[in-house]
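Form predicted alone, single chain, as structure tokens, below.
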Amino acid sequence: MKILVINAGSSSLKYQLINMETEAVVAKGTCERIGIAGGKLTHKANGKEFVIDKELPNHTEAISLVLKELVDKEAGVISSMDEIDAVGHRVVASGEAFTKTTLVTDEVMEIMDEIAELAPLHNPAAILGINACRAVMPDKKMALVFDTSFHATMPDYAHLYAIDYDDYKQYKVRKYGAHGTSHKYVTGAAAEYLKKDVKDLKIITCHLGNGSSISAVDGGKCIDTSMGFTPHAGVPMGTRSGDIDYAAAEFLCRKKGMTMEEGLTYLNKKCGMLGISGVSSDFRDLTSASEQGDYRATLALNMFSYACKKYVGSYMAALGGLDCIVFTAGVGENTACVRRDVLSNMEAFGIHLDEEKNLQKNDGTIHDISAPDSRVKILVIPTNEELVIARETAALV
């Protein structure tokens, strides 16, 4: 079975074709600048990279070009479209409408349109990608794999906000979380690495990147996560402020003469690591500047690590113990100083980091960076969200 995984953005589209017998990536690539002048497809297959400069006026044209390359004599990896068994689409937010992977139907797409506002930066783009695939491949089974599904197991007291309960029931304003496919993948990978049944483990998964979220996982099920109604909540991120007193946000809007919409853009695009450091939202730039003595870059890193530390500590309490901490995603996998600072002064909880192991470079494999006397295992696990999407799609169809 071969599954085509699609992750559509407003002006981009990423894809992977995965052979489910071996779970190997057969081909992958990215369409850039969809609907913008200067469209381009970068396609990787057969150990080669193929770059095609072509205007991509819409997602349908982008998908058509991807499929053309997949069967191309030189760049292709399949002889015909018949070899693609199904398509899995990444969708950020499901609201309460869907709690598990769902087959695409006309009725499902009507609901998707209704809940698009739950993730205005992501869901409308996903819908464009889904509709484009349905137009080009009308006979293929397609599945929606939601970032929020893994967090659907949170108990009500963890996912509800203390607002009027009737307003929650009417508007479904509550915590939904994000990065669920990543948290799910590394949870399973950790259990497999430790040679234990996931049902017997208490794990904290730290997906740290330009967007970051931390989850408490008990017996393979999420019981809490740091992101909320939107991916804005939680720890400070690349350009997002993370948790902030709503009155402080309103105060800033008044002082800066911003509308609510402008204020949300400000908190999502101009704050976080970028806003604090004044240097960059990229942690590679921040660590470099910090090493050169830049105060604000150091401050940004300290604020990020401290926020992560607080979530780890609170989730240990919520779990009633801890067997394993996992770091994943761009920052979690590659920024040793962040892992060090997040776990500093936690020896009293049985968490001992091996400083030398922590400095090992990411080589795409799982690294155990625990000290020999650490009661809690500390793992660095490269995430694989596309594989989770492919697995969920294959299981459903």
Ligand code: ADP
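Just so it is clear, the structure is predicted and the values come from calculations on it, not from any experiment. In case it trips you up, residue 1 is the first one in the sequence shown, and so on.
Beyond what is shown, the protein has a form predicted together with adenosine-5'-diphosphate; the following relates to that form.
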Could you confirm whether N358 comes within 4.5 Å of adenosine-5'-diphosphate in the predicted bound form, counting heavy atoms only?
-> no
Answer with yes or no whether G95 is in contact with adenosine-5'-diphosphate in the predicted bound form, where contact means some heavy atom within 4.5 Å.
-> no
At the 4.5 Å heavy atom threshold, is L343 in contact with adenosine-5'-diphosphate in the predicted bound form?
-> no
Contact test in the predicted bound form: G39 vs adenosine-5'-diphosphate, heavy atoms, 4.5 Å = no
Please determine, with the chain shown alone, which of 39-47, 347-355, 328-336, 364-372 has non-hydrogen atoms within 4.5 Å of adenosine-5'-diphosphate in the predicted bound form.
-> 328-336
Of the options T102, S281, N123, S241, which one has a non-hydrogen atom that comes within 4.5 Å of adenosine-5'-diphosphate in the predicted bound form?
-> S281
Interface residue in the predicted bound form among N268, N210, T230, T298, criterion: non-hydrogen atom within 4.5 angstroms of adenosine-5'-diphosphate | N210
